[in-house]
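First, one chain by itself in structure tokens, the form predicted on its own.
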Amino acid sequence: MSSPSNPSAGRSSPYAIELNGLTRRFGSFIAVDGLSLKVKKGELFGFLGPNGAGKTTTINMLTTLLKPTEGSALVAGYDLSEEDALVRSRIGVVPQKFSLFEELTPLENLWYIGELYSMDRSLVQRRSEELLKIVTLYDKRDVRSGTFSGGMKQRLSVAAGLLHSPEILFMDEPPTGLDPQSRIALRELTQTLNASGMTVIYTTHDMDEADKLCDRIGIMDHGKLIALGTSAELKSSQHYSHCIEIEFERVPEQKLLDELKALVGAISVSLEGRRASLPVRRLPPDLIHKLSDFLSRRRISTRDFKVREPTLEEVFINLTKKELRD
């Protein structure tokens, strides 16, 4: 595997992560295929992708759990293959599943993590109390972790990942299985950490979560990065900028839909039940007046009418298609 020509140069780089052709094979199967990407320091970067897209394999490489087959990478300025111990000292990881000791209290779990990092005991004490207050678990510091709810366990995992003051925090689908209140609390905590200057790498299946949370989003499929940008940039990359939706009192005939398509200059027209969708590159002037006049002259009754922008979910489905993945 090739290495950057001057790894130390990466430590003064504006980027927290720099990948060049990162690849991972399992026999003949290519899980991650030539991934090249730069993530800025202080960025909250999201990975989206269907099952088997390569997200988890990518995260496992970046957190030194897997060796890349090919390519090079700098993580926190250190070479992923040659300086993996230094990479581990600069990163924190919040796994999807709770991986701490359920028989231990939050304080005991954090003390154990501190021992693994050979941290000074007075520092571990100070950081543990500070972090448990941040994740609102200080009043549960002496309660066995196995009695905690899913949201409490995830917040404890965040505290454990932050104990050694990492530069980069990897969060692998942290909201999975949480109730709405816990999801909101975890999202707010993530935003607070990022606002303090921490780089956060966030993998998720939740489009709404990514839309609200991430500065930029990379969409992966079949091991490749197939789209990259802010949520707004990804939405504007679609072949339409708005979608006109009309819900009729009765299922409309195809002739009427074709006439509507011509009237508003739609790219296409589709019908689900009584709701017609007409994506347009730009909204025509006097849209409401035109539609009202058109429908009233034909004595067509409607239940609802609205204009909306593409959603991140529509971008995702358009790029990765609808088939189910294992």
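Numbering starts at 1 and runs along the sequence shown. Computed from a prediction, not measured in an experiment: that's the story for all the values here.
Keep in mind that the form predicted together with a small molecule is not shown, yet the notes after this line are about it.
>> Since only the chain is shown here, I'm wondering whether Asn51 would be in contact with the small molecule in the model of the complex (any heavy atom pair within 4.5 Å).
In response: Within the cut-off, so yes.
>> Residue-level question: is Lys224 within 4.5 Å of the small molecule in the model of the complex, judged on heavy atoms?
In response: Because no heavy atom of Lys224 falls inside 4.5 Å of the small molecule in the model of the complex, the answer is no.
>> So, Thr57 and the small molecule: in the model of the complex, are they within 4.5 Å at any heavy atom pair?
In response: Yes, Thr57 lies within 4.5 Å of the small molecule in the model of the complex.
>> If we define contact as a non-hydrogen atom of the residue within 4.5 angstroms of the partner, is Asp79 a contact of the small molecule in the model of the complex?
In response: Close contact is absent here: in the model of the complex, Asp79 is far from the small molecule, nothing within 4.5 Å, heavy atoms only.
> Among Ala266, Val39, Ala31, Ala276, which has at least one heavy atom within 4.5 Å of the small molecule in the model of the complex?
Replying inline: Only one option qualifies, and that one is Ala31.
> Out of His242, Arg141, Arg183, His205, which one falls within 4.5 Å of the small molecule in the model of the complex, going by heavy atoms?
Replying inline: Result of the distance check: His205.
> Among 267-275, 281-289, 22-30, 253-261, which stretch has residues with heavy atoms no more than 4.5 Å from the small molecule in the model of the complex?
Replying inline: The contacting stretch here is 22-30.
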